[in-house]
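Take a look at this single chain, the form predicted on its own, given in structure tokens.
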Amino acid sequence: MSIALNDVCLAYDGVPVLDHVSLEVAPRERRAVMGPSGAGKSTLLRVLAGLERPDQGRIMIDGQDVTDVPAHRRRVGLMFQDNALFPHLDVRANVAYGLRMTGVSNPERTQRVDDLLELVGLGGYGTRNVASLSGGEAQRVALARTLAPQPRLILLDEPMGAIDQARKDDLMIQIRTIVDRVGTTSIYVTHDRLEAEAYADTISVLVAGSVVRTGAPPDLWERPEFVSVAKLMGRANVVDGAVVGADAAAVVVPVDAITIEPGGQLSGTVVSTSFRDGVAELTVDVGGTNLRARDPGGFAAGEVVSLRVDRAKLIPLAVDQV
């Protein structure tokens, strides 16, 4: 099931929320839409689901223009961050809810619910009170409910927001595997780069209502192109190009491009030492700009150090126009 948004715009009280958004998602693709809070991510999902109508532009699902098709006829499943399970219904009734609303017969409904609970690893949970479920179990019930009506498209709105990090990684793998087994196209919205990388084949970066960059996770890491993308991808040392003598307006200075040695181009004061992802680092204040560098050991806050920058490793960036 292919998805296309063509020049979609939406404003609230004259304030643009989606600004000429164009996006194409291939059949069975897992797409992440990543951006900071207020970027328009959830609004984009609401437009795709039919809960909001754009002021401009078209929405196509498998070549069909659904811009004016109401939500209940789009066959789009939307899974919310807070899972939105019905507290007065047990697990089985929650999963069956959409099927019952669309008139699916009881025998077919029962079989479909049993199959879905097995698919999400919750066989035998049908009579459980949803209040007794762990956060990960509740999210899998919510996913089963989303999948029950056999949607053409699955939209996931920050589904890991309420899950602690220890369980998040395993649950992410489970959800990705389930979606692949079903074979449905999906769009996963998040502000978390690690979630986007773990889930998606392709990531679209949304900033101030505009898609500024789309690519595979390794491509966005190596070639972010814009300052906003580099920061969202968690790149260290996104700085004004003039700080390191580069011609570009801004650059990424990879941590391994900086060595501390006598005679370097830059001089700075050690602000702090830290240990990140198994690597000891220094944060050095260079004329008011902090740069992270590998810590060769023996340095303390307040010491003046000389830094050599390998300019061949710099990644040029454009300053966003949005």
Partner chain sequence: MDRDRPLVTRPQLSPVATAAVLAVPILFLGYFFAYPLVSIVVRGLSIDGGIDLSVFKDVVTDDTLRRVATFTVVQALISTAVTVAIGLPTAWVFARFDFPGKRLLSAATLVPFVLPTLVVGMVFLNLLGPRSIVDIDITGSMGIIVLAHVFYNFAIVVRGVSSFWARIDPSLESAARTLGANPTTAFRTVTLPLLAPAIASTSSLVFLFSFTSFGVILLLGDLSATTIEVEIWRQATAFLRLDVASALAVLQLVGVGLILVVYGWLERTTASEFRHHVVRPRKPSTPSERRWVGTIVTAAMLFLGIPLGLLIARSLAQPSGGYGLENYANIVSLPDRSAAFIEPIEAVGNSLRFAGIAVVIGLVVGMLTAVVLAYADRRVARGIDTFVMLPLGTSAVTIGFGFLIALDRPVDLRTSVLLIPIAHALVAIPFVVRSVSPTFASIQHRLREAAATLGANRWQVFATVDARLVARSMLVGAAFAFAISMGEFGATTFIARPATPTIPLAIFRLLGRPGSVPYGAALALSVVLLVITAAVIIVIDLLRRDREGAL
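A quick note: this is a predicted structure, and the numbers were derived from the prediction, not measured. Just so we're on the same page, rigid core means the largest C-alpha set that superposes within 1.5 Å between forms. Numbering follows the first chain given and starts at 1.
Just so you know, the form predicted together with the partner chain exists too; it's not on screen, but the next bit is about it.
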Residues G40, H191 and L206 are flagged as a possible site; in the model of the complex, is every one of them within 4.5 Å of the partner chain by some non-hydrogen atom?
no
In the model of the complex, the residue from A216, A84, I173, A242 that sits within 4.5 Å of the partner chain by heavy atoms
A84
Which residue, I163, A250, A236, L78, has a heavy atom that falls within 4.5 Å of the partner chain in the model of the complex?
L78
Answer range among 97-105, 132-140, 224-232, 206-214 for contact with the partner chain, defined in the model of the complex as heavy atoms within 4.5 Å
97-105
Although the partner chain is absent from this view, report whether L117 comes within 4.5 Å of it in the model of the complex, heavy atoms only.
no
Classify L51 as contacting or not contacting the partner chain in the model of the complex by the rule of any non-hydrogen atom within 4.5 angstroms, answering yes or no.
yes
Give a yes/no on whether R292 approaches the partner chain to within 4.5 Å in the model of the complex, heavy atoms considered.
no
If we define contact as a non-hydrogen atom of the residue within 4.5 angstroms of the partner, is H88 a contact of the partner chain in the model of the complex?
yes
Taking the rigid core as the frame, does A216 move its C-alpha by 2 Å or more between this form and the one not shown?
no
With both forms fitted on the core, check whether the Cα of R181 differs by 2 Å or more between this form and the one not shown.
no
Following rigid core alignment, is the displacement of the L89 C-alpha between this form and the one not shown equal to or greater than 2 angstroms?
yes
